[in-house]
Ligand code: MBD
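A single chain, nothing else alongside it, follows as structure tokens in the form predicted on its own.
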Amino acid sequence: MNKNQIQEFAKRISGTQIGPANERVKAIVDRILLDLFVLIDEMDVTPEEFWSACSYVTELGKSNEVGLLVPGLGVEHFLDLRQDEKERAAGMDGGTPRTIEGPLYVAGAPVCQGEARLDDDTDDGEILFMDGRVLDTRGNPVAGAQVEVWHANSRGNYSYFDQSQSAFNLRRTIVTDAEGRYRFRSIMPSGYSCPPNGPTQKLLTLLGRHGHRPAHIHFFVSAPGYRTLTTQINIKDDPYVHDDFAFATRDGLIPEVEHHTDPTALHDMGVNRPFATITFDFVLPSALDGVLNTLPERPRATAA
């Protein structure tokens, strides 16, 4: 089609309003429609292809996999990159790198002071002890910061979404002590993969891509007067640590992991099988006016 024809038709649709519109929503929808019309024309999308795409979107919603596909297509990481640039432009320097939240957070995890046991002692995976501090960009401890942590079990499954696990298994909020320290005992997580028969993996297969994530641990870290951090660490030796289908791996988020098998070390930690240790400090920039300093609004699960 002639490009002027496409633009005139898009303008006709845009001009059909009969009352006040939300100008922000209208501007975005108008742009999406114009870009869609241009794409259909330039790529010669057939009616069969178009309606197949509509059926796919319906299937994606029914399967509750929108939150899985968005990071899988790199969109969630792109939003992080844009926020990084906004902060640099505003003069917000330093801090632990942010990375994607993903779709598996659940609000309301138990709150613990200083330290916590995350697992319910039903998983025979490798024991993990993790500790560190929350600091400001000058290296000062941030006392009373909240470190929300959640991760998968040794089979790659998350509590709440996996009904076989106890409530809030591998989920806690830890409040840092006077020196900004947090610590927890858990089990080493495994990475997970997209459901093999789900719509996300269906599209990834058509794109010639896998749907695997490396083992990782999620965090929200927050304190009054500081920018809230959404991040995760990846387990260093995982084969997908630099090949994450969700594009979440970033420099500075792959800490060293030490594995311990010495009987004396096991005795000192009060455990009866090998364990691993990770130390990782979170650095929070001070909040700035005009910059998003809290978690963005989005749908999140809440346990009853």
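Start at 1 and count along the sequence shown; that's the residue number. What you see is a predicted model; the values in this text were computed from it and never measured.
Note that the form predicted together with the ligand isn't included here; everything after this is about it.
Note that among 27 to 35, 44 to 52, 260 to 268, 245 to 253, the stretch whose heavy atoms approach the ligand to within 4.5 Å in the predicted bound form is 245 to 253. Only one of the listed residues (103, 132, 198, 141) places a non-hydrogen atom within 4.5 angstroms of the ligand in the predicted bound form, and that residue is 103. Contact with the ligand in the predicted bound form, judged by any heavy atom within 4.5 Å, is made by just one of 220, 192, 226, 160: 192.
Residue 213 belongs to the set of residues with a heavy atom inside 4.5 Å of the ligand in the predicted bound form. Residue contact check for residue 71: one or more of its heavy atoms lie within 4.5 Å of the ligand in the predicted bound form.
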